[in-house]
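The chain below stands alone, shown as structure tokens; this is the form predicted on its own.
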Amino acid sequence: MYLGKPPRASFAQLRSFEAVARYGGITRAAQALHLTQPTVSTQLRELRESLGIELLVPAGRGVQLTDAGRALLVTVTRMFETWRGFEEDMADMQGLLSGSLRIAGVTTTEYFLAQWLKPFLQAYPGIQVDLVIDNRDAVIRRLEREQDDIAIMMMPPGHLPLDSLLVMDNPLCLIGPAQHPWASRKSTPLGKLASVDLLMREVGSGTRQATLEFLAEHQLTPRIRMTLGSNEAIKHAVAAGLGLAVVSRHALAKDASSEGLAVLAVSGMPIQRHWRAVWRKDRRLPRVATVFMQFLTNQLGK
């Protein structure tokens, strides 16, 4: 039995702090919590005064965690995980499956992740989903901070303790405008890529990293003409004739010509990669996330 002093912080204060840390600012945190900005600011001030230490400092238009803030975030995350476990246990006692699923996907998963979630939510209407789509670097940061139950990505980081499940192939194809001269060829030598303008996703993109690694393996130095921040921007720029690009086949329409594009046959391509579901092995995987993984495995025939 706990016989110590009660905590100096309230649940509401800790919830506001966690949301501000997660969203990087008071405005977005207040919106997510359906609270006013002054309410969140007051809770943060009361929490700081109660603990007697700075937890957040201004950073541009948002805020940044201090060392004490990072330590508190680890504690709060564990507390909330324990509470979620309690809620799930209570739901089990009542024969229900409810709760929330926190899932993050790298940018290209926006083309298929909703298709995975739709039948799951139909089967379990009591579950709410908190879905975040961002580039690989941002998803890795979320895994580091334990902000999600599961992440869907192509290239999991090696520095985190992760379990993973291969869920789907992810061929990376070279695309050009529909009327590109290579579009009518059965195959083009891979070495030709060194002499054409390439369009790339931003630094932090898994597709960019996989492409650069593939070219380096074949001693090819890419001639990067432009960097763009989304698959859609890449496709529009390629269709306009600004260069060629490597994208996931999942980012293309079944008939690429309908988007003004052609999948170009180049020796050694597509680059064969895979989508993986990953989660932290050093923390309890919530029951909702476990059920989702079982459902996904059955749906994909794994």
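The structure presented is a predicted model; accordingly, all values stated were derived computationally and were not measured. The first residue of the shown sequence is 1; numbering continues from there.
The same protein also has a form predicted in complex with 2-phosphoglycolic acid, omitted here; what follows describes it.
Using a 4.5 angstroms limit between non-hydrogen atoms, L199 is distant from 2-phosphoglycolic acid in the predicted complex. In the predicted complex, 2-phosphoglycolic acid sits within 4.5 Å of a heavy atom of M155.
Contact check for V106: a non-hydrogen atom falls within 4.5 Å of 2-phosphoglycolic acid in the predicted complex. Among residues of the shown chain, T77 is not one whose heavy atoms approach 2-phosphoglycolic acid to within 4.5 Å in the predicted complex. Comparing 188-196, 111-119, 205-213, 157-165 against 2-phosphoglycolic acid in the predicted complex, the single stretch with non-hydrogen atoms within 4.5 angstroms of it is 205-213.
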